[in-house]
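Below sits a lone chain in structure tokens, taken as the form predicted alone.
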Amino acid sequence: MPEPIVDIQNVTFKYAGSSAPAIVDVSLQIKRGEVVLVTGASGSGKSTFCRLLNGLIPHFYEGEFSGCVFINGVDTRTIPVYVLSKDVGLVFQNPDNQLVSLSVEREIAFGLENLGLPREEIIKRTEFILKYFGLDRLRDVPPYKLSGGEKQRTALAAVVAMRPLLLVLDEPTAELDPMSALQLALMLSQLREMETTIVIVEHRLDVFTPLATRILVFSEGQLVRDGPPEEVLFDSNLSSLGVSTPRVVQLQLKLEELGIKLPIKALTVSSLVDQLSSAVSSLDLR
């Protein structure tokens, strides 16, 4: 079997000065090409989980760390963060925190230059990424003049250009309006087609559920749910964990309470409408 991209073994971490661990005895593996949606209430351990993936824990955050995190077979404790960043691309909650160049084009090229790629390869990748993410018309625009959605798209494009093995997005819709969030989901769906391994930490599940192959739910630092969306989201106890399930799921749960059970658990509105239409058409109304 191929080696997992992420292998977390019995990890517990307590921040310096904190009375309780932020992550408690977490173990899991993430395989190449998976799209993992991570959710939970505020303070449940989601952001700490992100910091484990890119090596910020244990290298930059002081505290008590136990267990092991392997990224592509390498123990994160043994390599510096700047080396790990070649394999793990992180898109921040606020893109302003990572946009540093004077134009969109320069922003995309910046990371490639830091990788030491030949000039011809930098030009080739930059041109491809500008077109792939629909940023060609914005290539000369300074990031501070971009809209929130355009900034997030630029930040994502700059990270993807470096071709990381693992792409991590921490609350990527926090600064976005609903339309921009949907556009971001569309771009990530295209990356899924390229078999990019993606971890999305998010509480707005409606947007990203159709992309996910797996959902992790954290509560008080513990991993309490781990499975496919159809299994995790239809757990009626999720609300007690501070998780707001997608509205399409809520509607199906309400239908089940009324005695109407659909043959397939729908994760999109279109799928639900198709099933309801099929159910109605099959009724004998004579």
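These numbers come from a predicted model, not from an experiment. Start at 1 and count along the sequence shown; that's the residue number.
Below, we turn to the form predicted in complex with a small molecule, even though it does not appear here.
Although the small molecule is omitted here, in the predicted bound form none of Y82, G111 and E121 has a heavy atom within 4.5 Å of it. Taking the partner from the other structure, the small molecule in the predicted bound form has a heavy atom within 4.5 Å of a heavy atom of G43. None of the heavy atoms of L272 is located within 4.5 Å of the small molecule in the predicted bound form.
For Q29, no non-hydrogen atom is located within 4.5 Å of the small molecule in the predicted bound form, even though that partner is not displayed. In the predicted bound form, Q252 stays away from the small molecule, with no heavy atom inside 4.5 Å. Of the residues R106, R192, K86, H203, just one reaches the small molecule in the predicted bound form with a heavy atom at 4.5 Å or closer; this is H203. Exactly one of the stretches 64-72, 35-43, 254-262, 223-231 approaches the small molecule in the predicted bound form with heavy atoms within 4.5 Å, and it is 35-43.
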